[in-house]
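We've got the same protein chain twice here, in two forms, each standing alone as structure tokens: structure 1 and structure 2.
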Structure 1
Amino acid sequence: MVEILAARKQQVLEKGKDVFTIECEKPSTAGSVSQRACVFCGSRVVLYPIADAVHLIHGPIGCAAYTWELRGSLSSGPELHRLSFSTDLRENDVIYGGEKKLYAALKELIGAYKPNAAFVYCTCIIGLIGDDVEAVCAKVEKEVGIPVIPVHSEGFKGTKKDGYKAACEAVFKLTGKDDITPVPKFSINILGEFNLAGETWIIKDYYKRMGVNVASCITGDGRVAEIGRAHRAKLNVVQCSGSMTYLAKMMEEKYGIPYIRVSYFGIEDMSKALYDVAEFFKDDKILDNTRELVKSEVNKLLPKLTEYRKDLEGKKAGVYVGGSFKAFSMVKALRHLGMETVVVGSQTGSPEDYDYLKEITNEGTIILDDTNPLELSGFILEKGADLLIGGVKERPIAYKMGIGFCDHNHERKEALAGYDGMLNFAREVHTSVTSPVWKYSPARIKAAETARVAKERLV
């Protein structure tokens, strides 16, 4: 029996048994071992991949240190985003204000690195001491002639989701700058794709083969100039809807660009993402290309998946990820490997998201919002999962319990998007679940023993 805090009772649901709608989008219970982060984290992860901008963290050192090389977003050119810049506020700055320091830091940075834009992240402390970051940024912008954009990401001002919003507002300020550079007729922007392990490049290649131009990817392998002409694309394709729908809505309102939500994970979702774009342009050539592409990729992929499926058939998985849209794709992708999802949850899902999860999972599946290690490990044990999909803090929990793990968050080393990504995913899951190391797990030995005894009794 898994113990759940009274205040969290409505955030955990067993499909088929509980009928309520999950309570979510609320602050974590005080005192819980939450796997969530803060507003600043939300802004930082979204803006991070813009590689020709400097990202200056205005605050004490910790915030900068922990988000240095936060996620493996790759760049095909400049790599300014991978350095860690901080105003490193000390006690005196907290008392007398950090504006002068911010000004000096910005000037030093911009002078030394010649970036195309600068982002200034406001951390908890800035919100409290009340530095006029807007004014400092405006002043520097005027002096140096590049966009200097404050990101209002004070950690306590909400959840990680509010940080996404602050990031969207910051990116939005970079749009609409360039009306001259030619942008082809069939152009889209990809929103909420962060080029982890080079995934943006895989996706861009698919669109290219369809005959569709990607005007900008926000923010994977991002460049300031590309975002500057993003307003002239015909369609916004939102991959990570949790983080970027807000930007899509702002762009729709101001520039009249419609948007669609997609996912690049798993076979169905990837194919649908491509078809949706093709259908939007209503161009026969593009449609033909898309059919051809999907057919050849899927034909290439399926026989290979079958190989992995042989060993994975009937295994069970737990999924706990940041955004719930990703969780949908995971449930479907696992099914292609013959695996059933028995526990699934996210840090930031909405009521509709959880309803949809209820729809696509089997009876008895545990659905969780903002869980903690005690609950998560309890349900994994109770449901007998063989695999956990999650992020940094979930990995060692899975290993300690003697089950496989797949990182579907910042630390993934393999590209998991697209058809190539699906194959990588299958390989990673297969390697982890079938690893010989688990035979040394006392829990596994015990489970095997119990199964053997039960079988003998039947005979």
Structure 2
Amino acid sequence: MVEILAARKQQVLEKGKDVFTIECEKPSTAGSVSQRACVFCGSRVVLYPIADAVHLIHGPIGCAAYTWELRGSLSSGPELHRLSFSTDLRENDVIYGGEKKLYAALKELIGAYKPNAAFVYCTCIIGLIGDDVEAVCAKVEKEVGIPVIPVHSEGFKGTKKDGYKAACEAVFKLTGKDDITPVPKFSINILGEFNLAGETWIIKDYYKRMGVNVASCITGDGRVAEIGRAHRAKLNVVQCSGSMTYLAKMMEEKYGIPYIRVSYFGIEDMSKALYDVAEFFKDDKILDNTRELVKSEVNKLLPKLTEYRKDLEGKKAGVYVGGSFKAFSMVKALRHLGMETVVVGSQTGSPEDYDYLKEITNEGTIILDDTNPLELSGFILEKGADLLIGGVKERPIAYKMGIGFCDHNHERKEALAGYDGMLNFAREVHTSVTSPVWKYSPARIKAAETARVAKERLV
């Protein structure tokens, strides 16, 4: 039986056994070593793919470790986002303030790289020493003539989800700047798609084949100018609902743009995302194009998945990801491979999200909110999972238990969105789960020995 901290008992539910509503959207329990990241991390995740902006971290150099080359967001043009800049605050700066250092860093970086905007990320120490970042940014903006935007992402003041909100407030300041550049009639913005391994390009190609124009992608392969005219698109399509629904709501209130939430992962959710957009425009040609696209892609994909399914049928999986929409898609995608999800959870799910997870999972499935490594590994072992899907923080958990792992977070280098992405996903799951290396894992050997002894005692 997995031990759960008393304060977390309402955040862990077994379908079919527990009837309470799962608790979520609250600060992590002290001592639970949450898998969640901090506010600063959340803001960086969202804004990082804007490739023609300077991203300056105002704080100690250690915070900059969570930036350079860690994320897999690609750019079709400038790659300024791949450089990591920090004001590198030291002891004297903490005592006397870091405003002069911030001003000097901004002037030097903007002069050297000629960006179209600059973001200044406030880290924990800035919240403690009280630098007036707003004033410094306003002064530099006036002097250099580009947006210089403070991102209030002091890590200690909330969770990763609060970082998403800080990023949305920052990027919202770039909208509404361009009322001149033409925007086609059937235009959408994609929100919360970060172009990991080029996924934005896959999705844009689908929309192009449908006859729909993507006015801007916020923030994958992002450009400051495109965001400036995003307010004139007809629809906002929110891919990562946890991070960008807040921005969609702000744009709906100010510019009157409606929004829908979608997922580009797996066959059903990818197809539904395209149909939802097509039906919004109520155009016969777009609807016909969408039907043809979906039929063509699915017919190509299904026979290939069948080959992987032969080896994966009956295997079990655990899923722990940042956003719950991705978790929904993983449960469905694994079914296409003949696999059952036995443990599933997220860092930022809402009550409605967890209700939906209960609907689409089998009896006995463990559903977790804001879990920790001990809980997660305990349930993975208890349920006998053969695979864990997660991010960089979950990878060592899987390897220590001697089971397969699939990286489905921002660090990955392979596209998993769209129909092509589903095939990549199936290939990666198959390769990992069927790898012969696991039979040499100490954890697997110990588990097999324990099972053998237990069997002998029964005899």
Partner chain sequence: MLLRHTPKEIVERSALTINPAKTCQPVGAMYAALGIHRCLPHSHGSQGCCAYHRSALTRHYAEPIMGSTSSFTEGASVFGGQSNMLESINNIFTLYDPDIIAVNTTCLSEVIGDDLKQIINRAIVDNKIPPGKTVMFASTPSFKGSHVTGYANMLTAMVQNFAEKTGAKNNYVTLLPSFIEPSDMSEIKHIAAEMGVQYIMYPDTSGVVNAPMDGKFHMYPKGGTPKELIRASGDSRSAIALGRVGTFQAAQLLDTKCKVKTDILDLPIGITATDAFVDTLRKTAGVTVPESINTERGQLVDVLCDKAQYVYGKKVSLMGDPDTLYGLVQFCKDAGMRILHVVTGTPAGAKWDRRMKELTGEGTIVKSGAQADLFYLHQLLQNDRPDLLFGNTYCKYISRDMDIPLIRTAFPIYDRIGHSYVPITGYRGGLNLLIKVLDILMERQDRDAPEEKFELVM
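Take the two forms, find the largest set of C-alpha atoms that superpose within 1.5 Å, and that set is the rigid core. Each residue is numbered by where it sits in the sequence of structure 1, with counting from 1. Just so we're clear, the structure is a prediction, and the values are computed from it rather than from any experiment.
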{"item": "Between structure 1 and structure 2, the form predicted together with the partner chain", "value": "1"}
{"item": "Large Cα shift (2 Å or above) at K15 between the two structures, core-fitted", "value": "no"}
{"item": "Displacement in Å of the C-alpha of R452 between the two structures, rigid core kept as reference", "value": "9.2"}
{"item": "Between the two structures, how far the Cα of A443 shifts once the core is aligned, in Å", "value": "5.1"}
